[in-house]
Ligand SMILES: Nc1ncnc2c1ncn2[C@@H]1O[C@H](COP(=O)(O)OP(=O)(O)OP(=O)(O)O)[C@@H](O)[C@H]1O
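Only one chain comes next, encoded as structure tokens, the form predicted on its own.
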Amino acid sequence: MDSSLFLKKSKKKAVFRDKDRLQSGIYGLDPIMEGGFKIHSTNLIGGGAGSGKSIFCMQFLVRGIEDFDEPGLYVSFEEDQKKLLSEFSGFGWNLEKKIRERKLLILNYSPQQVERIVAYGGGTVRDAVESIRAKRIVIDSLTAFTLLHKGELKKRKAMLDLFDRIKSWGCTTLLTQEQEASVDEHLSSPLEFEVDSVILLYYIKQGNVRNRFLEVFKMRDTQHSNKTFPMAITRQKGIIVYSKGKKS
């Protein structure tokens, strides 16, 4: 066996993984980005309304808990815990049980509150990370946070301050942001230059049907695919990326 791999045991099963990578939990995604996200990296999940950003992020946390016993923290700027639990109830993830067992925490803050938290050293978010020994963090979404600041320089400074605080917590983090829906034309935001990877989700109308796609737009120190892949959201498995061809 490759010495770069090690065995991670959970209550349910044992899984081999690269010691430098954190598996995404998204079916079909890891093979196209060298096994997963870089450990302790900051990763942007971009897409338009209905593209699946929040589902992607919660699946990342759920699979981390169930496959690797890695607790996760979900910080929402837009929806409270009750609403989020209702939205994810159809996937069979049993989020309430994970919350009771202190494997998952869902926090709801306004962007203004988060800015104050960052300014004063991390405060309650840092305490939440430490209380459950979180390995994975989701921040959903950055769009509202950036609207607090006028001018690209102020927005960029606020983002850099937030990223520095996140990195100090020693977790692998996903951040969501509203992005344009065009596959053919992508205008990179300043934020994309600061994160370690950018994954774009598309929900595009083709004829009279909307179809979903995923693209690994950027990933540092990774030989990732430059293709755009079909994607689906299912009740049984959540998000599936058809990196080997879509099943009929």
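Fair warning: this is a prediction, and the values are worked out from it, not measured in the lab. The first residue of the shown sequence is 1; numbering continues from there.
Another form, the form predicted together with the ligand, is not on view; read the next lines as being about it.
Within 4.5 Å of some heavy atom of the ligand in the predicted bound form lies at least one heavy atom of Phe91. With a 4.5 Å cutoff on heavy atoms, Ile55 counts as touching the ligand in the predicted bound form. Put simply, Gly48 is close to the ligand in the predicted bound form: some heavy atom of it is within 4.5 Å.
In the predicted bound form, the ligand sits beyond 4.5 Å of every heavy atom of Lys38.
This chain is displayed without the ligand, yet in the predicted bound form the stretch 82-90 from 82-90, 99-107, 166-174, 147-155 comes within 4.5 Å of it by heavy atoms.
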